[in-house]
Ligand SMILES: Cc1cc2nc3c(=O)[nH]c(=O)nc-3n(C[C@H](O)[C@H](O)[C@H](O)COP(=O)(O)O)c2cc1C
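What follows is one chain in C-alpha coordinates, specifically the form predicted on its own.
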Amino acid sequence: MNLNKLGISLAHLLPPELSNKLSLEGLRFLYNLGVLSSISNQGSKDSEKVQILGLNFPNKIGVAGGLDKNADYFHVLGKLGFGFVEVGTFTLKPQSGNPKPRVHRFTKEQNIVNSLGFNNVGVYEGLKNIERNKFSFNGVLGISIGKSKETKIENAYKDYLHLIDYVHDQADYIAINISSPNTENLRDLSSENYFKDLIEKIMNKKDQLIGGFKKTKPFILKISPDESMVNLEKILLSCLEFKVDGLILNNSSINHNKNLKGGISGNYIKKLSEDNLSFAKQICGEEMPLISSGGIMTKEDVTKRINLGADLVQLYSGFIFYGTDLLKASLEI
(Lines give C-alpha, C1' and ligand atoms only; values in the text may rest on other atoms or scores of the structure.)
Protein backbone atom coordinates (compact mmCIF):
# COMPACT_ATOMS: atom_id res chain seq x y z
CA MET A 1 0.00 0.00 0.00
CA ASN A 2 1.31 3.45 -0.91
CA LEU A 3 0.96 5.38 2.36
CA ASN A 4 1.68 8.65 0.58
CA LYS A 5 -1.29 8.21 -1.79
CA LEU A 6 -3.52 7.04 1.05
CA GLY A 7 -2.62 10.09 3.14
CA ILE A 8 -3.28 12.46 0.26
CA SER A 9 -6.62 10.81 -0.53
CA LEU A 10 -7.74 11.17 3.08
CA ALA A 11 -6.50 14.77 3.32
CA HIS A 12 -8.39 15.72 0.17
CA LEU A 13 -11.66 14.73 1.80
CA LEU A 14 -11.28 17.87 3.93
CA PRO A 15 -11.51 21.54 2.92
CA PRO A 16 -8.25 22.54 1.19
CA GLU A 17 -6.84 25.00 3.73
CA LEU A 18 -7.59 22.66 6.63
CA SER A 19 -6.20 19.61 4.81
CA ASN A 20 -2.94 21.44 4.05
CA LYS A 21 -2.57 22.39 7.70
CA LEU A 22 -3.33 18.88 8.97
CA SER A 23 -0.99 17.29 6.41
CA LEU A 24 1.90 19.48 7.52
CA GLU A 25 1.07 18.81 11.17
CA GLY A 26 1.05 15.07 10.39
CA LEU A 27 4.50 15.33 8.85
CA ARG A 28 5.74 17.24 11.89
CA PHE A 29 4.32 14.56 14.18
CA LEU A 30 6.22 11.86 12.26
CA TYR A 31 9.33 14.05 12.30
CA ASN A 32 9.12 14.37 16.09
CA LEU A 33 8.78 10.58 16.35
CA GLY A 34 11.98 10.25 14.34
CA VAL A 35 10.41 8.13 11.56
CA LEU A 36 10.03 10.71 8.79
CA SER A 37 13.22 9.80 6.95
CA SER A 38 11.92 6.26 6.42
CA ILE A 39 9.02 7.70 4.38
CA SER A 40 11.13 9.61 1.89
CA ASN A 41 14.21 7.39 2.15
CA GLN A 42 16.17 10.16 0.48
CA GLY A 43 19.75 11.19 0.98
CA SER A 44 21.44 13.92 -0.99
CA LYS A 45 23.98 12.42 -3.36
CA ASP A 46 27.02 14.47 -4.41
CA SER A 47 25.76 14.36 -8.00
CA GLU A 48 22.60 16.21 -6.97
CA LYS A 49 24.36 19.10 -5.25
CA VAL A 50 24.50 22.46 -6.98
CA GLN A 51 26.35 25.69 -6.28
CA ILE A 52 24.49 28.79 -7.32
CA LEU A 53 23.78 32.26 -5.94
CA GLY A 54 26.90 31.74 -3.81
CA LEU A 55 25.05 28.99 -1.93
CA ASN A 56 25.43 25.22 -1.74
CA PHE A 57 22.10 23.55 -2.49
CA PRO A 58 21.83 19.85 -1.56
CA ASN A 59 19.72 19.41 -4.72
CA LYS A 60 17.68 21.44 -7.21
CA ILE A 61 14.23 20.69 -5.78
CA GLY A 62 12.68 23.21 -3.40
CA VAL A 63 9.40 24.29 -1.82
CA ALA A 64 7.79 27.49 -3.07
CA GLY A 65 6.82 30.30 -0.73
CA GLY A 66 3.27 30.07 0.58
CA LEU A 67 3.28 26.48 1.83
CA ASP A 68 5.14 27.16 5.07
CA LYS A 69 3.86 30.67 5.71
CA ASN A 70 5.05 30.97 9.30
CA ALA A 71 8.28 28.92 9.21
CA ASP A 72 6.73 26.14 11.28
CA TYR A 73 7.63 23.23 8.99
CA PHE A 74 10.72 24.02 6.88
CA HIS A 75 12.94 21.69 8.93
CA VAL A 76 10.38 18.90 8.43
CA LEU A 77 10.26 19.52 4.67
CA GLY A 78 14.05 19.47 4.61
CA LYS A 79 14.02 16.07 6.28
CA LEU A 80 11.81 14.79 3.44
CA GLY A 81 14.62 15.56 1.01
CA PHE A 82 13.95 19.08 -0.31
CA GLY A 83 17.17 20.96 -1.02
CA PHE A 84 15.69 24.34 -0.16
CA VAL A 85 12.54 25.75 1.39
CA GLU A 86 11.15 29.25 1.03
CA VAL A 87 9.12 30.39 4.04
CA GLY A 88 6.64 33.26 4.24
CA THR A 89 5.59 35.58 2.75
CA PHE A 90 6.18 37.68 5.88
CA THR A 91 4.85 41.17 6.43
CA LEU A 92 5.94 43.67 9.08
CA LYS A 93 2.92 43.00 11.28
CA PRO A 94 0.68 39.92 11.62
CA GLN A 95 -2.08 39.63 9.02
CA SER A 96 -5.15 37.42 9.09
CA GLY A 97 -5.45 37.44 5.30
CA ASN A 98 -8.61 37.50 3.22
CA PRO A 99 -11.96 36.03 4.30
CA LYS A 100 -12.54 32.28 4.13
CA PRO A 101 -13.12 30.16 2.12
CA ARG A 102 -10.01 31.31 0.29
CA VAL A 103 -8.53 28.09 -1.07
CA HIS A 104 -10.34 26.02 -3.71
CA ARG A 105 -9.00 22.68 -4.92
CA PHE A 106 -9.88 21.17 -8.31
CA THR A 107 -8.62 17.62 -7.92
CA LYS A 108 -9.51 16.22 -11.35
CA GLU A 109 -7.83 19.16 -13.11
CA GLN A 110 -5.03 19.36 -10.50
CA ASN A 111 -5.43 23.08 -9.98
CA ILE A 112 -5.71 25.26 -6.89
CA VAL A 113 -7.16 28.77 -6.64
CA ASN A 114 -6.19 30.72 -3.54
CA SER A 115 -6.89 34.23 -2.30
CA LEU A 116 -5.07 33.89 1.03
CA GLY A 117 -3.62 37.40 1.12
CA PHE A 118 -0.29 37.10 2.96
CA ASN A 119 -1.83 35.60 6.09
CA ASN A 120 1.12 35.24 8.48
CA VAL A 121 2.22 35.78 12.07
CA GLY A 122 4.36 38.77 11.15
CA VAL A 123 8.11 38.93 10.69
CA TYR A 124 8.96 39.14 14.40
CA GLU A 125 7.17 35.89 15.32
CA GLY A 126 8.30 34.33 12.06
CA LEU A 127 11.93 34.92 12.95
CA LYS A 128 11.39 33.32 16.35
CA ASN A 129 10.08 30.22 14.55
CA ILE A 130 13.11 30.22 12.26
CA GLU A 131 15.51 30.50 15.19
CA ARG A 132 13.76 27.60 16.92
CA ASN A 133 13.77 25.27 13.91
CA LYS A 134 16.84 26.19 11.87
CA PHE A 135 19.31 24.12 13.89
CA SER A 136 17.63 20.93 12.56
CA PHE A 137 17.58 22.08 8.92
CA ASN A 138 20.40 21.23 6.53
CA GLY A 139 19.08 22.86 3.35
CA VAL A 140 18.99 26.41 2.01
CA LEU A 141 16.42 28.69 3.65
CA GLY A 142 14.74 31.41 1.62
CA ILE A 143 12.61 34.05 3.33
CA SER A 144 9.88 35.70 1.26
CA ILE A 145 8.84 39.26 2.15
CA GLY A 146 5.94 41.43 1.00
CA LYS A 147 4.22 44.70 1.70
CA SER A 148 1.46 44.86 4.28
CA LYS A 149 -2.14 45.17 3.13
CA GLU A 150 -2.58 48.62 4.64
CA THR A 151 0.68 50.07 3.27
CA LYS A 152 0.07 52.54 0.47
CA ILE A 153 1.69 51.57 -2.80
CA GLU A 154 3.92 54.65 -2.86
CA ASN A 155 5.32 53.61 0.53
CA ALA A 156 5.72 49.92 -0.29
CA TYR A 157 9.49 50.25 -0.63
CA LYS A 158 9.71 51.16 3.06
CA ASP A 159 8.14 47.82 4.03
CA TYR A 160 10.65 45.91 1.92
CA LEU A 161 13.63 47.83 3.29
CA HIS A 162 12.52 47.32 6.90
CA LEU A 163 11.83 43.63 6.26
CA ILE A 164 15.28 43.16 4.73
CA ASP A 165 16.81 44.54 7.93
CA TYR A 166 14.78 42.03 9.96
CA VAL A 167 15.39 38.87 7.94
CA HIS A 168 18.86 39.43 6.51
CA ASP A 169 20.83 37.55 9.13
CA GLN A 170 18.55 34.50 9.21
CA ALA A 171 17.93 34.14 5.47
CA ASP A 172 20.16 32.25 3.05
CA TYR A 173 18.36 34.23 0.34
CA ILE A 174 15.62 36.87 0.42
CA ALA A 175 12.70 36.60 -2.00
CA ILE A 176 11.14 39.96 -2.88
CA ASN A 177 7.47 39.14 -3.53
CA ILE A 178 5.80 41.78 -5.68
CA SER A 179 3.67 39.28 -7.59
CA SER A 180 0.97 37.92 -5.31
CA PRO A 181 -2.48 38.67 -6.77
CA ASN A 182 -4.11 38.63 -3.34
CA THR A 183 -2.87 41.90 -1.84
CA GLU A 184 -4.57 44.89 -3.41
CA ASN A 185 -2.34 46.92 -5.75
CA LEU A 186 0.75 44.79 -5.00
CA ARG A 187 1.28 43.91 -8.66
CA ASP A 188 1.34 47.62 -9.51
CA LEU A 189 4.92 47.50 -8.19
CA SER A 190 5.98 45.83 -11.44
CA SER A 191 4.63 48.70 -13.53
CA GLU A 192 6.76 51.46 -15.02
CA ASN A 193 5.50 53.86 -12.36
CA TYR A 194 7.13 51.97 -9.50
CA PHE A 195 9.39 49.13 -10.58
CA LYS A 196 12.73 50.75 -11.35
CA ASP A 197 12.60 52.98 -8.30
CA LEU A 198 11.72 50.01 -6.06
CA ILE A 199 14.48 47.76 -7.38
CA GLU A 200 17.04 50.54 -7.22
CA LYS A 201 16.20 51.20 -3.56
CA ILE A 202 16.28 47.49 -2.70
CA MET A 203 19.63 46.88 -4.39
CA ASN A 204 21.07 50.06 -2.82
CA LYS A 205 20.03 48.55 0.49
CA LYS A 206 22.11 45.48 -0.34
CA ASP A 207 25.11 47.70 -1.08
CA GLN A 208 24.64 49.40 2.29
CA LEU A 209 24.60 46.05 4.06
CA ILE A 210 27.79 45.02 2.29
CA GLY A 211 29.32 48.37 3.25
CA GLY A 212 28.44 47.64 6.86
CA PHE A 213 30.53 44.46 6.62
CA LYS A 214 27.56 42.13 6.80
CA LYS A 215 27.78 38.96 4.77
CA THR A 216 25.74 39.62 1.66
CA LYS A 217 22.68 37.48 0.92
CA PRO A 218 21.16 36.97 -2.54
CA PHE A 219 18.12 39.12 -3.33
CA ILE A 220 15.72 37.26 -5.61
CA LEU A 221 12.68 38.81 -7.27
CA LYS A 222 9.45 36.80 -7.63
CA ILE A 223 7.58 37.75 -10.81
CA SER A 224 3.93 37.44 -11.83
CA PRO A 225 3.13 35.12 -14.76
CA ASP A 226 0.58 37.64 -16.04
CA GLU A 227 3.01 40.32 -17.25
CA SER A 228 2.81 41.25 -20.91
CA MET A 229 5.92 40.25 -22.85
CA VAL A 230 6.69 43.94 -23.30
CA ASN A 231 6.63 44.67 -19.57
CA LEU A 232 8.33 41.37 -18.69
CA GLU A 233 11.24 42.33 -20.94
CA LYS A 234 11.49 45.72 -19.21
CA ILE A 235 11.49 44.00 -15.81
CA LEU A 236 14.20 41.56 -16.88
CA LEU A 237 16.40 44.30 -18.34
CA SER A 238 16.02 46.40 -15.18
CA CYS A 239 16.96 43.39 -13.06
CA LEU A 240 20.10 42.95 -15.13
CA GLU A 241 20.85 46.67 -14.89
CA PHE A 242 20.58 46.76 -11.10
CA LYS A 243 22.23 43.35 -10.66
CA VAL A 244 19.36 41.56 -8.98
CA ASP A 245 20.78 38.19 -7.89
CA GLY A 246 18.08 35.93 -9.31
CA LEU A 247 14.46 35.54 -10.38
CA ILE A 248 11.57 33.26 -9.44
CA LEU A 249 9.19 32.59 -12.33
CA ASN A 250 6.33 32.49 -11.40
CA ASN A 251 3.62 33.22 -8.90
CA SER A 252 -0.02 32.19 -9.50
CA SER A 253 -2.12 33.62 -12.35
CA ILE A 254 -5.34 35.61 -12.19
CA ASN A 255 -6.17 34.75 -15.80
CA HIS A 256 -8.51 31.82 -15.22
CA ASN A 257 -12.17 30.97 -15.76
CA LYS A 258 -13.06 29.74 -12.27
CA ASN A 259 -15.21 32.75 -11.28
CA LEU A 260 -13.27 32.95 -8.03
CA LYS A 261 -11.05 35.60 -6.52
CA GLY A 262 -7.38 34.76 -6.34
CA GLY A 263 -4.60 33.20 -8.35
CA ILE A 264 -4.55 29.76 -9.92
CA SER A 265 -1.65 27.33 -9.60
CA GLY A 266 -1.16 23.79 -10.84
CA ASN A 267 -1.66 22.31 -14.31
CA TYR A 268 -3.45 25.41 -15.58
CA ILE A 269 -0.28 27.53 -15.56
CA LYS A 270 2.20 24.89 -16.72
CA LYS A 271 2.54 26.24 -20.27
CA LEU A 272 2.50 29.85 -19.06
CA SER A 273 5.35 29.20 -16.64
CA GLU A 274 7.35 27.35 -19.28
CA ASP A 275 6.93 30.20 -21.76
CA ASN A 276 7.97 32.84 -19.22
CA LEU A 277 11.00 30.78 -18.22
CA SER A 278 12.07 30.38 -21.86
CA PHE A 279 11.65 34.12 -22.46
CA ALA A 280 13.61 35.04 -19.34
CA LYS A 281 16.42 32.67 -20.32
CA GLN A 282 16.52 34.26 -23.78
CA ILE A 283 16.86 37.76 -22.28
CA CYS A 284 19.11 36.97 -19.31
CA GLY A 285 21.26 34.15 -20.67
CA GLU A 286 23.76 33.00 -18.05
CA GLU A 287 23.83 36.34 -16.22
CA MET A 288 20.80 35.68 -14.03
CA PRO A 289 20.04 32.48 -12.06
CA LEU A 290 16.43 31.41 -12.65
CA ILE A 291 14.15 29.47 -10.32
CA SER A 292 11.11 27.95 -12.01
CA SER A 293 7.82 27.51 -10.19
CA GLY A 294 4.24 26.96 -11.30
CA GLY A 295 2.62 23.91 -12.86
CA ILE A 296 5.41 21.46 -12.00
CA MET A 297 3.38 18.30 -11.50
CA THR A 298 5.60 15.44 -12.76
CA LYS A 299 9.20 14.30 -12.98
CA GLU A 300 9.03 15.14 -16.69
CA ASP A 301 8.01 18.72 -15.83
CA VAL A 302 11.10 19.07 -13.65
CA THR A 303 13.32 17.78 -16.45
CA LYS A 304 11.73 20.16 -18.96
CA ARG A 305 12.19 23.20 -16.72
CA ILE A 306 15.87 22.40 -16.25
CA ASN A 307 16.26 21.91 -20.00
CA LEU A 308 14.56 25.27 -20.58
CA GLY A 309 17.17 26.96 -18.42
CA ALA A 310 15.99 26.74 -14.80
CA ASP A 311 18.82 26.46 -12.30
CA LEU A 312 16.42 25.37 -9.55
CA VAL A 313 12.75 24.40 -9.35
CA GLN A 314 10.10 24.89 -6.68
CA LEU A 315 7.12 22.64 -6.02
CA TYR A 316 3.79 23.82 -4.61
CA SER A 317 0.57 22.44 -6.10
CA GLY A 318 2.37 19.35 -7.39
CA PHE A 319 3.50 18.55 -3.86
CA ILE A 320 -0.04 19.07 -2.53
CA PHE A 321 -1.47 16.66 -5.12
CA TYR A 322 1.35 14.08 -5.20
CA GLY A 323 3.27 14.49 -1.96
CA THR A 324 6.54 12.66 -1.48
CA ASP A 325 6.02 10.57 -4.63
CA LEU A 326 6.71 13.66 -6.75
CA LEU A 327 9.70 14.62 -4.61
CA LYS A 328 11.23 11.14 -4.89
CA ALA A 329 10.73 11.07 -8.65
CA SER A 330 12.21 14.57 -9.02
CA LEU A 331 15.33 13.65 -7.05
CA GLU A 332 15.97 10.73 -9.37
CA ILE A 333 16.67 13.06 -12.30
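Heads up: residue numbers just count along the shown sequence, starting at 1. Computed from a predicted structure; not experimentally measured.
Another form, the form predicted together with the ligand, is not on view; read the next lines as being about it.
With the partner removed from view, the residue among 250, 91, 183, 190 that has a non-hydrogen atom within 4.5 Å of the ligand in the model of the complex turns out to be 250. This chain lacks the partner; the member of 127, 254, 116, 198 within 4.5 angstroms of the ligand in the model of the complex by a non-hydrogen atom is 116. The ligand is not shown here, but in the model of the complex it comes within 4.5 Å of a heavy atom of residue 69. Although the partner is absent from this view, residue 64 contacts the ligand in the model of the complex, with a non-hydrogen atom inside 4.5 angstroms. Among heavy atoms of residue 222, some come within 4.5 Å of the ligand in the model of the complex. At a distance threshold of 4.5 angstroms between non-hydrogen atoms, residue 269 is in contact with the ligand in the model of the complex. Proximity of 77, 84 and 327 to the ligand in the model of the complex is absent: no residue of the three has a non-hydrogen atom within 4.5 angstroms. Comment: 258 to 266 is the region of 202 to 210, 258 to 266, 236 to 244, 128 to 136 lying near the ligand in the model of the complex, near meaning a non-hydrogen atom within 4.5 Å.
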